[in-house]
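Quick heads-up: it's one chain on its own, the form predicted alone, in structure tokens.
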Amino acid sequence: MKECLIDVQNAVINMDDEIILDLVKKCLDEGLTPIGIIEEGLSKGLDGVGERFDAGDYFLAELIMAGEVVTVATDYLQTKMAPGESGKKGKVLIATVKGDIHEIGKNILGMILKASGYEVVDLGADVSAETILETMKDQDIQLVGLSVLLTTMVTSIKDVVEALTEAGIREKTRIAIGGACCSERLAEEMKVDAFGESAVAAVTIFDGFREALAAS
């Protein structure tokens, strides 16, 4: 791994907003792509922050500060991405589920999906199943990405699935989940269509969803 990526990771872990942009620019100068910097630098830095939080070394304040560092970097990197033809692949609804207020991973996902040609409808955090259902019906959305970081909130995924089922539109939709507590096993338990291990992997997942829906 390039040293500049390790430096980016450490800047996130150390919540150093004064040097993050210089480090990101250095990575770009060395030929790395914006998405590569996000995946190998910023996202892995956030993983390190999460590990420290789990160990009790970091608290909510540190999570927020690290998130601000990542936001500064991703906002800049978005300006360096080759824009996709806006909305050419259709709409994706993204949201952090009811009871969970974490948005960093979801925001990175939204940025990458936009750069890949999707129109992203971002409902934010702590979003109810009812709001998700209403938005999908109002805007004719079939693709959904749900983010959940807190293990205690995974039942909110099930609430979304049940709401779509009761409304009679579940078979015409595809749902992917992602976040620190998510896994392939959880995706099976919650009866969703995919687990995205990373924001970059989500592009492949949603492209596959589009093909499957078109063929059905």
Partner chain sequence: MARDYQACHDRVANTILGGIPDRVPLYFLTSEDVSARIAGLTIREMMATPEILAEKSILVNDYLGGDGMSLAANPYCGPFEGLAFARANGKPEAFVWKDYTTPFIREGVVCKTEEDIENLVIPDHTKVEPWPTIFKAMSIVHEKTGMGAGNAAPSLTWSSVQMLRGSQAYLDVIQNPDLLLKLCEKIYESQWDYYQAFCKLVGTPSHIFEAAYAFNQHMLSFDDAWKFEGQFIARFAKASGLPMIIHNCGFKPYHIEMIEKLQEEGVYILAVNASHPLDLDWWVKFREKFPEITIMGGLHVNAEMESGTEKDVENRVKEVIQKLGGDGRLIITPTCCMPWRVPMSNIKAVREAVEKYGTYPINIT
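Heads up, when I say rigid core I mean the largest set of C-alphas that superpose within 1.5 Å between the two forms. Treat the numbers as computed from the prediction; the structure is a model and nothing was measured. Numbering follows the first chain given and starts at 1.
FYI, the form predicted together with the partner chain isn't displayed, but the following is about it.
Checklist entry - Any chance 15, 61 and 65 all have a heavy atom within 4.5 Å of the partner chain in the predicted bound form? => result Verified in the predicted bound form; spot residues all in contact, yes.
Next on the checklist: If we define contact as a non-hydrogen atom of the residue within 4.5 angstroms of the partner, is residue 179 a contact of the partner chain in the predicted bound form?
Outcome noted: Yes, residue 179 is a contact residue.
Item to check | the partner chain contact in the predicted bound form: residue 99, any heavy atom under 4.5 Å | outcome: So residue 99 counts as contacting the partner chain.
Next on the checklist: I'd like to know if residue 166 sits close to the partner chain in the predicted bound form, meaning any non-hydrogen atom pair within 4.5 angstroms.
Outcome noted: No, residue 166 stays farther than 4.5 Å from the partner chain in the predicted bound form.
Next on the checklist: in the predicted bound form, does residue 107 come within 4.5 Å of the partner chain, counting heavy atoms only?
Outcome noted: Output for residue 107 is yes: heavy atoms within 4.5 Å of the partner chain.
Item to check | The single option of 161, 28, 154, 35 touching the partner chain in the predicted bound form, heavy atom within 4.5 Å | outcome: Of the candidates 161, 28, 154, 35, 154 is the one lying within 4.5 Å of the partner chain in the predicted bound form.
Next on the checklist: So, superposing on the core, is the move of residue 69 at the CA at least 2 angstroms between this form and the one not shown?
Outcome noted: Yes: residue 69 shifts by at least 2 Å between this form and the one not shown.
Checklist entry - Would the C-alpha of residue 207 be classed as shifted by 2 Å or more between this form and the one not shown after rigid-core alignment? => result After core superposition, the C-alpha of residue 207 moves less than 2 Å between this form and the one not shown.
Item to check | Core-aligned CA displacement of residue 14 at least 2 Å between this form and the one not shown | outcome: Yes.
Item to check | Sense of the change in Cα distance from residue 56 to residue 150 in the predicted bound form - at least 3 Å versus the shown form | outcome: Compared with the shown chain, residue 56-residue 150 is farther in the predicted bound form.
Item to check | Distance direction in the predicted bound form for the C-alpha atoms of residue 57 and residue 181, relative to the displayed form (3 angstroms or more) | outcome: Farther is correct, given that in the predicted bound form the C-alpha spacing of residue 57 to residue 181 is increased by at least 3 Å.
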